[in-house]
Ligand code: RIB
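Quick heads-up: it's one chain on its own, the form predicted alone, in structure tokens.
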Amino acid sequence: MARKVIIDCDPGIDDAAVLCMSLFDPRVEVVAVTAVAGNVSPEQAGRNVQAIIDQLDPPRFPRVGAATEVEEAPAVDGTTLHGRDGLGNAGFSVSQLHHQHPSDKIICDEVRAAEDEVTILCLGPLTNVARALKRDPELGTLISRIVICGGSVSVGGNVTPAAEFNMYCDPVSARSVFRSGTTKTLIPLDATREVALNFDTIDELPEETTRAGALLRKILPFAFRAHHQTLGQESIRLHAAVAYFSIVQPELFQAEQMAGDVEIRGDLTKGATVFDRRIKTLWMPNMDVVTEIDAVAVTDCIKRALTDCGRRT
């Protein structure tokens, strides 16, 4: 039986790759794709979700949630690595959807429709999940699991020396979700940075004659160029794809229970994820944190999934 999944994302090239994989993966049923501000503005995030789904034309269309503004959002985005539009400046055109519902409402509706069956995969800031938990105080007991791509344990940050991007964009919401009584798994930078794709991956993508291939061949080359020009790297990290495979191939991941929180202020530490790792801990464990992965196997899974989504389109 396919696992019901809500993908909460701020597309983002790596998030687009996850949608390519998941919307054609028989192991999951993507019941909703909810947009959140992060890599791009709320409006652009919503357009990107719609554009990706339109380009892929999957066999089952998920519900789509609209992103809303974040209070006191920091002046940071992911356009340097993802392009002005978040999708490698591909310039996909979309028609305006009527009767759009905010992402937090969509999350509440879909969890209520299948209590204890829905996994929420969070690939961007945790704004929508925090708002959903506030909108429906009982929701936390009805979610199967929240899988969070973000934070770090020992490797510092990637947007500041202390903070990972998703946590930094909305630390108040991140803290709210961390402290909530939900079942959670964190996939931190410590794990996702272990998986790298080299430029040869472009040659292995589906042909442009497939819908998935046409999309991926428009956006992934930009990611390689941006990582080379901005970070001096010849490879790219698809952090979101690693988080996705923690759901569908859990045997490739090892996790430990930890007690974690998020710093919401501080000139140097805003958005940092903090874990009580003292010999005698005083905080109660509140999440599973992935500490080890089979990086070779996960890399192979990503490449095969990108190829398979082409075969199915």
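Computed from a prediction, not measured in an experiment: that's the story for all the values here. Don't overthink the numbering: it's just position in the shown sequence, from 1.
What follows is about the form predicted together with the ligand, which we do not show.
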Quiz item: Closest heavy atom of residue 104 to the ligand in the predicted complex, within 4.5 Å or not?
Solution: no
Quiz item: For residue 174, is any heavy atom within 4.5 Å of the ligand in the predicted complex, or not?
Solution: no
Quiz item: Does residue 170 reach the ligand in the predicted complex, with heavy atoms at most 4.5 Å apart?
Solution: no
Practice problem: Verify the contact flag for residue 165: yes if a non-hydrogen atom of it lies within 4.5 Å of a non-hydrogen atom of the ligand in the predicted complex, no if not. | Solution: yes
Quiz item: Which one of these stretches, 104-112, 212-220, 156-164, 198-206, sits within 4.5 Å of the ligand in the predicted complex when only heavy atoms are counted?
Solution: 156-164
Quiz prompt | in the predicted complex, the residue from 118, 236, 189, 139 that sits within 4.5 Å of the ligand by heavy atoms | solution = 189
Quiz prompt | Contact residue in the predicted complex, from 242, 87, 123, 132 (heavy atom within 4.5 Å of the ligand) | solution = 123
Quiz item: Considering only 54-84, what residues come within 4.5 Å of the ligand in the predicted complex, judged by heavy atoms?
Solution: 82
